[in-house]
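Form predicted alone, single chain, as structure tokens, below.
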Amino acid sequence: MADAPKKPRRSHLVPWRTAGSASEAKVTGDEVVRDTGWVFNNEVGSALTLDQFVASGDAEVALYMERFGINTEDAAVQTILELGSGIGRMTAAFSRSFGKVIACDVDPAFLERCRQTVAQKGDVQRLRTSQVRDGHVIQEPAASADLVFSYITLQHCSPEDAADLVRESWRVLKPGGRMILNFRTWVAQDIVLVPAGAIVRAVWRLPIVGQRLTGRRWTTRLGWQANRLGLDEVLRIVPDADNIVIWKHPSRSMKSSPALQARRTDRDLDIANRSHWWIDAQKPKG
């Protein structure tokens, strides 16, 4: 019997594997933050520490919880599923606010580092890690989370994987729960960034040269410009969503078809990047 054909390497996942291997090889969290800055943080420097890295996540979690109206008393008895936890920059803060945290990412090495980060900077007793299988399957049961949250993750996925992860986020949400997911919209520089990203992802597949380039900051930033999932596309994935709020930068307008326009409310988010938008949707209780 002929062997089953091998699945092609999915190019947007290639640098994640490189980063996972790099993380696994480091001894301390400080080393991971400094030496894998091309993926885990927006600051690069030999003096950057895990403390500083986590402090930036603490500040953002506090801001987003306040802006999105997430009540701390409710959070204390709720389960949050963080999609794209990385090594725990925001996870540590979530573990201090929520009763239970499920940290999800594609690479087990990230999740091990995430556990170490939370053990040092948060409440590891509230943490459970869960690997995202094949880059698009959340390995958690249906109706297992009160809140699904994702920040600067879905823009790095292929369009198909990003759409699947929206479906998966909706599936694991409890009735009455909220899904708060971050996406990237089109800006003028995308005329260059998007095709350049496609070229870089193609180069990542090449032996030797591609492997070397996956660990470079500039190629990673370009190659992860993998999708601009549109508002209508996301709204169609969750046709039964209630109380849909689209959070956006004050200077942006988010257009959709007239039928879908009626399903949503737009709100300005002063801390949002101009190229980002968020969907905040509630799963029906009935």
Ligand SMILES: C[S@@+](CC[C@H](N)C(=O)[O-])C[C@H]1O[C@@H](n2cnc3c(N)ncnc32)[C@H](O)[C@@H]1O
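Start at 1 and count along the sequence shown; that's the residue number. Keep in mind that what you see is a predicted model, and the values were worked out from it rather than measured.
What comes next is about the form predicted together with this ligand, which is not displayed.
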- Touches this ligand in the predicted complex: W16 (any heavy atom, 4.5 Å): yes
- Message: Using a 4.5 angstroms cut-off on non-hydrogen atoms, would Y151 count as touching this ligand in the predicted complex?
- Response: yes
- Item | Non-hydrogen atom contact V234 with this ligand in the predicted complex at 4.5 angstroms | no
- Query: Using 4.5 Å between non-hydrogen atoms, is R89 touching this ligand in the predicted complex?
  - Reply: yes
- Item | Heavy atom within 4.5 Å of this ligand in the predicted complex - residue from I80, V106, L181, C114 | V106
- Task: Note which of I102, V200, C157, V172 lies within 4.5 Å of this ligand in the predicted complex, where distance is taken over heavy atoms; exactly one does.
- Result: C157
- Note on the structure: Only one of 202-210, 72-80, 129-137, 173-181 has residues with a heavy atom within 4.5 Å of this ligand in the predicted complex, and that stretch is 129-137
